[in-house]
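First, one chain by itself: the form predicted on its own, in structure tokens.
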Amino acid sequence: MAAKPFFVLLALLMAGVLAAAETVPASSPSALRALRRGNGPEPSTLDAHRAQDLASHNVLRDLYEGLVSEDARGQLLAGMAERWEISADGRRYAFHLRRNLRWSNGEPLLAAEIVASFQRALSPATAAPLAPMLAVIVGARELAAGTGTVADLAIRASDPHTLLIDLVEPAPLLQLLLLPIAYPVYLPALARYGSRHTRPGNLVSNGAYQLLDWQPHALIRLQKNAHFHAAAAVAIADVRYLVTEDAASEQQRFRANDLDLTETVPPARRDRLQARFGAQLRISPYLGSFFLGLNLRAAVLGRAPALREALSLAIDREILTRYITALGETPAYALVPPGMADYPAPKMASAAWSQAARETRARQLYAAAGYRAEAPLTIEIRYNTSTPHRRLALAVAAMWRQVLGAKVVLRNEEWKSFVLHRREGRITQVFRGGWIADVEDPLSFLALFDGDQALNWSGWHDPVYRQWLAQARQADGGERQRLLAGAEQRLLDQHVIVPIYFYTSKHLVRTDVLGFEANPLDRHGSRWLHFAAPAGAR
């Protein structure tokens, strides 16, 4: 048998796609008008390696580009690398960079700088919350844990325009490279300004846009980056991300023509929204899960799996999705959302029960845990300030009071305080949780609970669960999916979280904003948008 070639060439220079992207649509008046985007809460940071929230990621995807990119429909495209090759065993990637890459300050961007940026991203001093997502790279896990050095990290430049990356085992690396932690950070600005390298005038990026202004708790303004390799295809020159933490206020701003597209839509009946907004309402499937996290470091929850199960059983998810969220969300009895290819999705044992049966069992477990009317459980739900989150927390609190007789305290916080307290786990009990897939892979959700890492907000440590995940990382095909499903089943059986619903993406988009396409990860880069020509224009 003839030996397989060391590299399998992937031709990603798709003539039709690239040709279509080379010029701004002729009808677009985009250069004369700013795109005004609702973005939810204040972004926590514009440090690409330290960002974990969606508000930050939305802006960072405009400011930066990775080795690979994605189009408006979420399909993989060439990014900094114009092409790449993958070895026959799936463990080595060779990326060939474009020859015209430049930073937004006009300086050349070469392979060695990308290597140094990866080293910074995975250094323990950076404490990047998404570092575990790149643990598949040889040496990455050890470097992030402080047991390895940058010399052990298998990312290197073989010449100024070629980057080599070696993996521990085959993995969807191209999808992982779409994450902001894989973006190149301009290290001279970091050395000069420290934490203020993300401020206007200091931030140097490499994407379709550059940072022009940042008014905290108000807006972030971007302008077109003339040094971007595809600048000629970027139609809109001025993009403004506005803080819209309250969904109801965001909708009012859209109706008042202060926004061109919203980050979300407040809870309401879908038919009423459709009647009011017509084609401007965009609802589509979304790979995301909403759940209530349980701080297992807190004694009242950490030592009481039966109580955790009672809290979960007492919630009527059908009522929540029909009357509280009401925009196509579906009740969740698992962590991983439907739609993952070939995944034998597990569910909570109670998924097939009637709600009456769930509530009966919830009362039994609650009483067995030692709580009764004379000595009720006092429990706190903490959530970030938002109309949808407040409505849902109120509804859950009412269910726990009615079904169990628990005393429920609600705590709302602005986003940064909420994120801090959720991560530290000292004062939280039950908290608003949720996760949107980074890649279309069950592991994107399950890795959240894999040991002592920044995103394991529940503080759950289970050797059996970790072993399932470790074995899955070494497997492929159906065996990998079976192992991941086994891990998820254990998570559900231990009642580490309270699944509530699976997301839909929901936005209001003005009819003259073109290029906005539904995609499973709900990513909408401004570079793909443009404005329709005014009526009567030629």
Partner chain sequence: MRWPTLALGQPHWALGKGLLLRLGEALVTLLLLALLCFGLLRAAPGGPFDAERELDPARRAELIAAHALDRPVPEQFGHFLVDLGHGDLGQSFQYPDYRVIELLASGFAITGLLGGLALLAALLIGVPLGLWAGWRAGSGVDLGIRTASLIGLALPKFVLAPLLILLFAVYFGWLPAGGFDGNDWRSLVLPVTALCLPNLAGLVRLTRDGVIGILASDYVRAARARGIEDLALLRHHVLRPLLLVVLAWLAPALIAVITGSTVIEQIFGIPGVGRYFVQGALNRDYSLVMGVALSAGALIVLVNLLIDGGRALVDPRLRQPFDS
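Numbering follows the first chain given and starts at 1. For clarity, every value in this text was computed on a predicted model and none was experimentally measured. What we label the rigid core is the largest C-alpha set whose atoms superpose within 1.5 Å from one form to the other.
The protein also exists as the form predicted together with its partner chain; that form is not presented, and the subsequent description refers to it.
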Location of its partner chain contact in the model of the complex, chosen stretch of 494 to 502, 472 to 480, 64 to 72, 45 to 53 [non-hydrogen atom, 4.5 Å]: 45 to 53
Selected contact from P285, G339, P305, P129, since only one has a non-hydrogen atom within 4.5 angstroms of its partner chain in the model of the complex: P129
Of the options W457, Y465, Y93, Y241, which one has a non-hydrogen atom that comes within 4.5 Å of its partner chain in the model of the complex? W457
Candidate site S249, W415 and W435: all three near its partner chain in the model of the complex by heavy atom within 4.5 Å: yes
Is A218 a contact residue for its partner chain in the model of the complex, using a 4.5 Å heavy atom cut-off? yes
P124: heavy atom within 4.5 Å of its partner chain in the model of the complex? yes
Please run the contact check for A116 against its partner chain in the model of the complex: heavy atoms, 4.5 angstroms, yes or no? no
Can R83 be called a contact residue for its partner chain in the model of the complex at 4.5 Å between heavy atoms? no
Given a core-based superposition, decide whether the C-alpha of D152 shifts by 2 Å or more between this form and the one not shown. no
Checking A235 here: with the core superposed, does its CA move 2 Å or more between this form and the one not shown? no
